[in-house]
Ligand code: HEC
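Only one chain is included here, represented as structure tokens and corresponding to the form predicted on its own.
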């Protein structure tokens, strides 16, 4: 019985790890001042609902991809909003 349960857990873990991953952002896309301003607005209005706004210098570009991939679904951002927030953060990031 223990082997069956262990096999089921491992099988489930394997299936989850092979599932699709949200990769809405893989690098910069929007560079216009209008899109960056929209990204700032979305960042301030969406992220500030649950916690203090993080300093854009907190992460480098790859760090923001990881953080936003985790947080964008919680903030209910669509792919375009996710991208605009990322582009805004890296445009003001000093790293």
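This one's a predicted model, so the numbers in the text were calculated from it and none came from an experiment. Positions refer to the first chain, counted from 1.
This protein has a second form, the form predicted together with heme C (HEC), left out of what is shown; the following refers to that one.
Asker: Each of 67, 71 and 74 having a non-hydrogen atom within 4.5 Å of heme C (HEC) in the predicted bound form: is that the case here?
Answerer: Yes, because 67, 71 and 74 each have a heavy atom that approaches heme C (HEC) to within 4.5 Å in the predicted bound form.
Asker: So in the predicted bound form, does any heavy atom of residue 29 sit within 4.5 Å of heme C (HEC)?
Answerer: Outside the cut-off, so no.
Asker: With the partner left out here, check for me: in the predicted bound form, does some heavy atom of residue 46 sit within 4.5 Å of heme C (HEC)?
Answerer: Within the cut-off, so yes.
Asker: With the cut-off set at 4.5 Å between non-hydrogen atoms, does residue 50 touch heme C (HEC) in the predicted bound form?
Answerer: Within the cut-off, so yes.
Asker: Is residue 35 close enough to heme C (HEC) in the predicted bound form to count, meaning some heavy atom within 4.5 Å?
Answerer: So residue 35 does not count as contacting heme C (HEC).
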